[in-house]
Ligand SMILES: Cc1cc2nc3c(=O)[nH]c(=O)nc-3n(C[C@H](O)[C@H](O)[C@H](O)COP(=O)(O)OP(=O)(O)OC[C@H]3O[C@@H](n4cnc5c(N)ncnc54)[C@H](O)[C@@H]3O)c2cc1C
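Single chain ahead, by itself, as structure tokens, in the form predicted alone.
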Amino acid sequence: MGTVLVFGETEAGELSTGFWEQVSTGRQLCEQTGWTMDVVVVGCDTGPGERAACRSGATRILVVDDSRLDDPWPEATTEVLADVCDELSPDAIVMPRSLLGAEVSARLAFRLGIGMAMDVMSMERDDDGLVVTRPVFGGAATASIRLSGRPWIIVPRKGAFAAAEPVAAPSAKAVPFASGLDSRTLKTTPLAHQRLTDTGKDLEKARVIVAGGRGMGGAEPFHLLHAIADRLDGAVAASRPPCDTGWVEPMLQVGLTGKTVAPDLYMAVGISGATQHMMGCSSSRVIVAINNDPDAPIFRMASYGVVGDWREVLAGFLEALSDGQAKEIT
């Protein structure tokens, strides 16, 4: 019987925010193929992640707990996963849509000599392999791709697969996996690192996001976005230009080279809607665009649009918001 291997990336011992979407992807594959699902949790001090993974419904939960993996190290993580694949011989590997996950997926595909599908939106098994759909040309179109030679490496698009619910009771016990990781043989070595901190809400978990773009004109107007986000119990984000110019922190960037989010409400203020940005937010349930250019591309993607000066629109919106109204919106 075949197996689906889900890579459990950890941050400070906790599973990454997209793990349960990966589990949903894995379960769907198992339903289509009759295979079983395994999980490998990788990181340092992984206790919390192990306990959560035990409720994923997986048949086996393997753990690689190594102090050298406390911070993202793509080459070392690739070596660990290659060891796991050599041991388990999975038929499919489900990776996280994260900075580390994207790089390790590409490295692992090259290492194993197999295909990889990034940003998978749907998938269907057929006699010749697995057919997946994914966005192309910056999200302007979708393409169907067949993965033939196994194992298949699948990186689900953020929000494309609803997060799975943990099972009521642990389905298996977590057991250590003895990886042959030898850092002396690797071509890269982590040096000094700096972990950025942010007191705001996690963009990948926020149900409401208020994002600003180049049209905001500077750093000061983002205080207004913070005020609105606070009323809506949401988070503030930005397109690339405000991050590049230093108006806001780089960790707030949404887009192809930033974070991929899928909130219930995404409010885009002064954002033109370039495909690179929309790749990061197109999975949002509702997109509201505020822009003074009626021909801005974002209006083609928006659920609702307001053509006008964002200063006037947001000032009126903030004035109208009350705590009770904010609860209704969210």
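Under this definition, the rigid core comprises the largest set of C-alpha atoms superposing within 1.5 Å between the forms. Quick note: we count residues from 1 along the sequence shown, nothing fancier. Predicted model only: the values in this text are computed from it and were never measured.
From this point on, the text means the form predicted together with the ligand, which you will not see here.
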Review point. Does the 4.5 Å heavy atom contact test between residue 225 and the ligand in the predicted bound form come out positive?
Key: no
Point to revise | Contact label in the predicted bound form: residue 56 to the ligand, heavy atom within 4.5 Å | key: no
Check your understanding: Does at least one non-hydrogen atom of residue 179 fall within 4.5 angstroms of the ligand in the predicted bound form?
Key -> no
Check your understanding: Looking in the predicted bound form, any heavy atom of residue 291 within 4.5 Å of the ligand?
Key -> yes
**Study point:** Selected contact from 254, 120, 94, 210, since only one has a non-hydrogen atom within 4.5 angstroms of the ligand in the predicted bound form
**Key:** 254
Practice item. Would you kindly say which of 296, 69, 37, 262 lies with a heavy atom within 4.5 Å of the ligand in the predicted bound form? Key: 296
Check your understanding: Is it true that 214, 271 and 274 each have at least one non-hydrogen atom within 4.5 Å of the ligand in the predicted bound form?
Key -> yes
Review point. Out of 75-83, 235-243, 122-130, 142-150, where are the residues with a heavy atom within 4.5 Å of the ligand in the predicted bound form?
Key: 235-243
Check your understanding: Even though the chain is shown alone, can you say which residues of 292-318 have a heavy atom within 4.5 Å of the ligand in the predicted bound form?
Key -> 292, 293, 296, 308, 309, 310, 311
Exercise for review: Return yes or no for residue 13: a CA shift of at least 2 Å between the shown form and the other one, with the rigid core superposed?
Suggested key: no
Check your understanding: Can we say the CA of residue 62 moves by at least 2 Å between the shown form and the other one when the core is superposed?
Key -> no
Point to revise | Rigid-core frame, C-alpha of residue 53, shift of 2 angstroms or more between the shown form and the other one | key: no
